[in-house]
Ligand SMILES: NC(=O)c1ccc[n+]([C@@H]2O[C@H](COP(=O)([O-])OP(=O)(O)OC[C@H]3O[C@@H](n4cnc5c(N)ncnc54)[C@H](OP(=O)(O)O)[C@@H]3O)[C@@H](O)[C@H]2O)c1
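To begin, one chain is listed below as structure tokens, in the form predicted alone.
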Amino acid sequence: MRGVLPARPGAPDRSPRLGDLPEPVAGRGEVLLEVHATALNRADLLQARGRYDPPPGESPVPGLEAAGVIGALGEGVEGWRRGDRAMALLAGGGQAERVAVPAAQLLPIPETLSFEQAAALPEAAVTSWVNLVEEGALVAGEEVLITGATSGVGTFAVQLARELGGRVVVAGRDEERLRPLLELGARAAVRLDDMLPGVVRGATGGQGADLALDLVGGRWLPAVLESLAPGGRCVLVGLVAGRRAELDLGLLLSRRLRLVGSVLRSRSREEKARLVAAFAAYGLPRLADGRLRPVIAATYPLEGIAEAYADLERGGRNGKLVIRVARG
């Protein structure tokens, strides 16, 4: 089958390459998904550079989400049939024509969504759910700050926070790109710079944010923490701005702040199954009727995978970059 070849350690050219891959086989509790579309995540870039290996036992082929049709059922799988449309949360393997998926990490695709739309959802949706609900403990009526909100995860997190009753403020370096997020449910869009704490307090009636979902990290983490109200929580999810920050620990103590680091890919299959089920119960009805929707910046054929990776690295797009995999 065709797919993106695993990264070559030490290779000078880290551009993704298409080639022939071994056929996956659905093991016990798994299904074989015939992939129609997949999507890119920053983890794919890190993996291509040799800086983010897949968890032990998972596919070395990149791709953390995919959508398609079930082609075969492994032993012990119930509740799914061949030909069912499904989208999958993966630890790897999605950027290929077929992938073996734990059945518990599948979601049915609502009739209102195309394969391309569905492919843009699993990683963004479950990541948003984990960090707003499980880690962030968002309560209706709370003030929520989301940094880096123009990304695929960010655009979905804005909508999910809105549905959960949060009052959302989004922050980013490009104010023009933030404006469409107001239509998704953000009530204020502010610039991510050294003035962030004061601007966030001004946008929240002087109190600051109860919860911050930080998709940026690096040098901006101190400003995000200073934007929190007393007793506020910050869930750090992304490191686009770097892995290091200098923090005023006195601020954490005096305001009784909580800083939580969170990652989805390395969690166990059992935990992912629980998280997928929790999101499905809440999110699938809202995806079906349009209250929640994916934001897609661009779509490419599988043959254009190198261009898609280059566009992801350049940035400047709102939402997900999606790859059409199935021919025709």
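Please read these numbers as outputs of a predicted model, since none were measured by experiment. Each residue number is its position in the shown sequence, starting from 1.
Keep in mind that the form predicted together with the named molecule is missing from the display, and what follows is about it.
So, Ile305 and the named molecule: in the predicted bound form, are they within 4.5 Å at any heavy atom pair?
Contact check for Ile305: no, nothing within 4.5 Å of the named molecule in the predicted bound form.
Contact between Gly152 and the named molecule in the predicted bound form at 4.5 Å, heavy atoms?
Residue-level check for Gly152: yes, a contact with the named molecule.
Is Pro24 a contact residue for the named molecule in the predicted bound form, using a 4.5 Å heavy atom cut-off?
Residue-level check for Pro24: no, no contact with the named molecule.
Looking in the predicted bound form, any heavy atom of Glu123 within 4.5 Å of the named molecule?
Heavy-atom contact with the named molecule at 4.5 Å: present for Glu123.
Tell me, which of Leu145, Cys234, Val216, Ala161 has a heavy atom within 4.5 angstroms of the named molecule in the predicted bound form?
Looking at Leu145, Cys234, Val216, Ala161 one by one, just Val216 meets the 4.5 Å heavy-atom criterion.
Could you spot which one of Leu239, Leu73, Leu221, Leu196 gets a heavy atom to within 4.5 Å of the named molecule in the predicted bound form?
Only one option qualifies, and that one is Leu239.
If contact means any heavy atom within 4.5 Å, which of 170-178, 201-209, 183-191, 111-119 contacts the named molecule in the predicted bound form?
Only one stretch qualifies here: 170-178.
Quick one: Thr38, Arg85 and Pro294 and the named molecule in the predicted bound form, is every residue within 4.5 Å by at least one heavy atom?
Result no, not one residue of the spot touches the named molecule.
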